[in-house]
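One chain is shown next in structure tokens, namely the form predicted on its own.
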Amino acid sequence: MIRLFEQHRVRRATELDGIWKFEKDGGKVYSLPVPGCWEQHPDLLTYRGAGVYEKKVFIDKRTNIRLEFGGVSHTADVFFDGEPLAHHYNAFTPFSCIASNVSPGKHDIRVRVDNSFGEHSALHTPNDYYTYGGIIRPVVMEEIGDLYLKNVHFLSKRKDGKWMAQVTAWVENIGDWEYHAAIEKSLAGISQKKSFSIGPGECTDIVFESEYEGILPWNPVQPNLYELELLLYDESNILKDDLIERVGFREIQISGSKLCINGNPVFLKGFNRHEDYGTIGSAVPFSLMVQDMDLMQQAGANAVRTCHYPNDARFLDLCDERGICVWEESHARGFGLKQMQNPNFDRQSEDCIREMIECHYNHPSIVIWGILNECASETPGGREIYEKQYEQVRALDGARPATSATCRHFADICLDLPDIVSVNMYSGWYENVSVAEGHKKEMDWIAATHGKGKPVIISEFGAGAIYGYHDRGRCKWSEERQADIIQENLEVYQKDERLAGIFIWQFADCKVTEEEWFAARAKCHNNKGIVDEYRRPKMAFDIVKEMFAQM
């Protein structure tokens, strides 16, 4: 399952989930599930390196083959019948590649996957979460013509009390001659058709603008969704391709210190969530995504932050359906200036931001774009990188606010750059001060900087606890101490009308990289979840449920 709705009724698509052959570097061969992490296999529990996945496919007619990968961790080289098709870096962004003029018969797909660390990998490093290996998200094989619908973006806004929408469709010609064609767009009862010409090797965009009446807008209470359908016709008016998206009419605004959806202030109360689950790692199946969503909503959340990377599109679809507001974040966490000066950092960050926004642009649930969690925002060199990434985000999407969570307390020199100031606070856990005292100092500091007057989000706060460990003295790592600290935080934050949102660190315990984090992370896990890695609730879960109900 690639998405939670049907994307094509004309284009032929085959999902390639199932068993693939995997040959580890060194020669041993395994049968592994796709999607899946190779760490699921008992021989590969700690394997960090490379290997080749292989799948045989059958094509019944001459065509072009488009392969779409939801995520490969972390570097992929794709081959079709031995010919290289694509090189892609980053586990958490989707990518596609095309094999042209494929003859009928059996064919061989191979994907060389590497999850090793080193200078070649600027974003995947030993970190406070684990970099798994494998084809961790779904794969689909599509049959396309020389002319096909590549992508679509939907942008809505209100004007004079009416909803306006701009739909931009991209068409690519991978053939050898010029085509004359037409696109028909259907949305909310309105259809439009435009003709165009496109030369060989070109990609062109077709823009539709319309006014809509009787629209039910998307918001967290009533997450109304509409089907946007594109149909591609050739010059003889024969239907050749289609693309379906699911969209919501809504508008995001910053009004003083408030984040507003359709003009109404929304207070975000949610969780930071890693894609990590027990023994299956980051290849989280859909049923467990639903379980996560059910638990978060039972606790009273209306928001989630995709720390610290773009999420699976199926989880974002769930957020669209259920009215969960999303802060989706590009991939970069906890880097000092030296790491940000890795020669691959700028390029790999730029690719990740572009792929995140281009692929997830249409999700109405995404209300904030995030970058550079806890990076070197206190340095002039770091500031240059922050400026560059904010500029890229706004060039790709100027309709959503952007932010970056900082822990460079009282030293950050970048608070003029984000639309929303976001700070990670661990009073009572890492810092032995009361939450009230720590919060007052932080807010006073923000008010004395270029962050003054902007919305403020407490992007992380929490404490660690080992599931099942209880102590009447309420010592650290006990469920009692975690519940106490989270309650103290929530009691302070719920009284501060200057805040636009809060995100608990974190929803569920997750595995961390042993090389760097074993000394501070019992069981080689970040144990700050209000549920453990198997989603068993800790005492803090009920505290959060009670407190969120009051906010």
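Note that residue numbering begins at 1 and tracks the sequence as displayed. This one's a predicted model, so the numbers in the text were calculated from it and none came from an experiment.
What follows is about the form predicted in complex with alpha-D-galactopyranuronic acid (ADA), which we do not show.
Enquirer: Would residue 374 count as a contact of alpha-D-galactopyranuronic acid (ADA) in the model of the complex, using a 4.5 angstroms cut-off between non-hydrogen atoms?
Expert: Residue 374: yes, in contact with alpha-D-galactopyranuronic acid (ADA) in the model of the complex.
Enquirer: Do residue 426 and alpha-D-galactopyranuronic acid (ADA) share at least one heavy atom pair within 4.5 Å in the model of the complex?
Expert: Judged by the heavy-atom cut-off of 4.5 Å, residue 426 is in contact with alpha-D-galactopyranuronic acid (ADA) in the model of the complex.
Enquirer: Can you check whether residue 430 is within 4.5 Å of alpha-D-galactopyranuronic acid (ADA) in the model of the complex, heavy atom basis?
Expert: Contact check for residue 430: yes, within 4.5 Å of alpha-D-galactopyranuronic acid (ADA) in the model of the complex.
Enquirer: Is there any non-hydrogen atom of residue 521 lying within 4.5 Å of alpha-D-galactopyranuronic acid (ADA) in the model of the complex?
Expert: Contact with alpha-D-galactopyranuronic acid (ADA), yes.
Enquirer: Within 4.5 Å of alpha-D-galactopyranuronic acid (ADA) in the model of the complex - does that hold for a heavy atom of every one of 333, 505 and 526?
Expert: Result yes, every residue of the spot touches alpha-D-galactopyranuronic acid (ADA).
Enquirer: Going by heavy atoms within 4.5 Å, which of 388 to 396, 418 to 426, 181 to 189, 93 to 101 lines up against alpha-D-galactopyranuronic acid (ADA) in the model of the complex?
Expert: Of the stretches listed, the one contacting the partner is 418 to 426.
Enquirer: Can you pick out, from 481, 124, 246, 308, the residue that has a heavy atom within 4.5 Å of alpha-D-galactopyranuronic acid (ADA) in the model of the complex?
Expert: Selected residue: 308.
Enquirer: Taking alpha-D-galactopyranuronic acid (ADA) in the model of the complex as the reference, which of 292, 355, 241, 460 has a non-hydrogen atom within 4.5 Å?
Expert: When alpha-D-galactopyranuronic acid (ADA) is considered in the model of the complex, the option within 4.5 Å is 460.
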